[in-house]
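Before any questions on how it binds or moves, here is one chain, the form predicted alone, in structure tokens.
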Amino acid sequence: MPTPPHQLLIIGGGFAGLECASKLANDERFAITLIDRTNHHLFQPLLYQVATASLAGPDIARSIRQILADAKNVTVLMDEITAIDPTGKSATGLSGSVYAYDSLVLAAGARTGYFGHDEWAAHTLGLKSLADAQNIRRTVLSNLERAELSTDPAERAKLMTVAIIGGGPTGVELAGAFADLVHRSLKSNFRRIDTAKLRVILIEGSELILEAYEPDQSLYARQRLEKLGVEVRNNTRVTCVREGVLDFKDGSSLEAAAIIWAAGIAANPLTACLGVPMDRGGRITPNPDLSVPGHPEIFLAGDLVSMKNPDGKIVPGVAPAAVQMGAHIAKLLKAEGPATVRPSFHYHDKGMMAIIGKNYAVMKSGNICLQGFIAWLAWLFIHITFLVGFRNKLSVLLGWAYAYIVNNPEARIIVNPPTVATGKVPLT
């Protein structure tokens, strides 16, 4: 009698989950169910370009079913997992379905984290999903339209202020892209307002932006942003976020119609179901092989993981790390046997980079540090390379080329705009 296939449940169709499923595709020893709350895999490193109208949403997303269409042993389901029962080896979806497993790969990703102040979410815009990016774009562009209608100088000033909290790569890239958008692309589009007066304010609580980079790269990034017209505020801690208002530790406040939170992330709440210690962001430190302590059949990957390499360096929450984790788990499962000794996961650092508006970027890879146009070209090449497999890779490249030449990105249509009277986005 043939041995039944190993039931593998993968929660999350991001870089880690997709890589694991792809590595085990058409291996008859495994029956794989991949579950995600959306039907698409998202290229998150380019989310900020959707938020700033440089790219359309479909340019950086692709159907998970389409990607895994040739993997006959993989079933893709769109459901949101709400609970995991490690003892019963099952997971429950929002649909009410219960999914049994022999092994589980939990790669459900992260959400925006507010450092214990979840009430601030109601007054800010996060950037973790395609819907988030489209909401940021809709809000900022709609605010400009409302400013064009307004005759009140104070209201116009508020509508033309974008506050970005967090001086990491996401915050820096958003700030540079918004500055490019208003100072280059939109400068001749309005008649009653001067878009050059739109204030883009980057707020960082520590002394430097891009702290993970070299100090001279951080300084370079700040100088480039300021040359683009971005106001960079270091050593500025937010103590309260209200509707359209930020309060700071020094007692000052700032009115802004668009407040974007790029200061932190928190793990998917599913990690709480596993009954093991978590850090304040909900992440778990797994065993060296990426399994959950006490549950060798459960693996963690991506933004849910808090761990260090054998050399003591922290494994960053970036796409290359997630891909390597997914591949490592697949390799372990393929080699699994009664006497198998599982090797430890080791992240091979591919470096990091951040773009600072048109033609400028910073890049750090080992002992190699680049900045300026060369780093920007490297950023462009690497991101196009990572987009391999996306049917719209050529569309992205052509869109970038067009925007580069004419300074006029085409993804500026406002879908489902807020009402003029309230500024609120309709629910339907």
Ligand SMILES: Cc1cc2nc3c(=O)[nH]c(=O)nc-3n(C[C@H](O)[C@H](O)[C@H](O)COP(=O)(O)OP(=O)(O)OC[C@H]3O[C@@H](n4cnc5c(N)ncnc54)[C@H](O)[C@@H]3O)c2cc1C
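Being a predicted model, the structure only gives us computed values, none of them experimental. Residue indices: 1-based, along the sequence shown.
The form predicted in complex with the named molecule is left out here; the points below concern that form.
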Does the named molecule come within 4.5 Å of a heavy atom in each of 16, 79 and 270 in the model of the complex?
yes
Considering the named molecule in the model of the complex, find the one stretch among 148 to 156, 246 to 254, 216 to 224, 317 to 325 with heavy atoms no farther than 4.5 Å from it.
317 to 325
Heavy atom within 4.5 Å of the named molecule in the model of the complex, from candidates 236, 185, 170, 143, belongs to 170
Give me the residue from 107, 162, 329, 179 that has a heavy atom within 4.5 Å of the named molecule in the model of the complex.
107
Partner contact for residue 44 in the model of the complex: the named molecule, 4.5 angstroms, heavy atom
yes
Indicate whether the named molecule has at least one heavy atom within 4.5 Å of a heavy atom of residue 35 in the model of the complex.
yes
The named molecule contact in the model of the complex: residue 383, any heavy atom under 4.5 Å:
yes
Although the partner isn't part of this model, could you tell me whether residue 290 comes within 4.5 Å of the named molecule in the model of the complex, counting any heavy atom of the residue?
no
Determine the residues of 133 to 152 with a heavy atom within 4.5 Å of the named molecule in the model of the complex and present them in sequence order; the list may be empty.
none
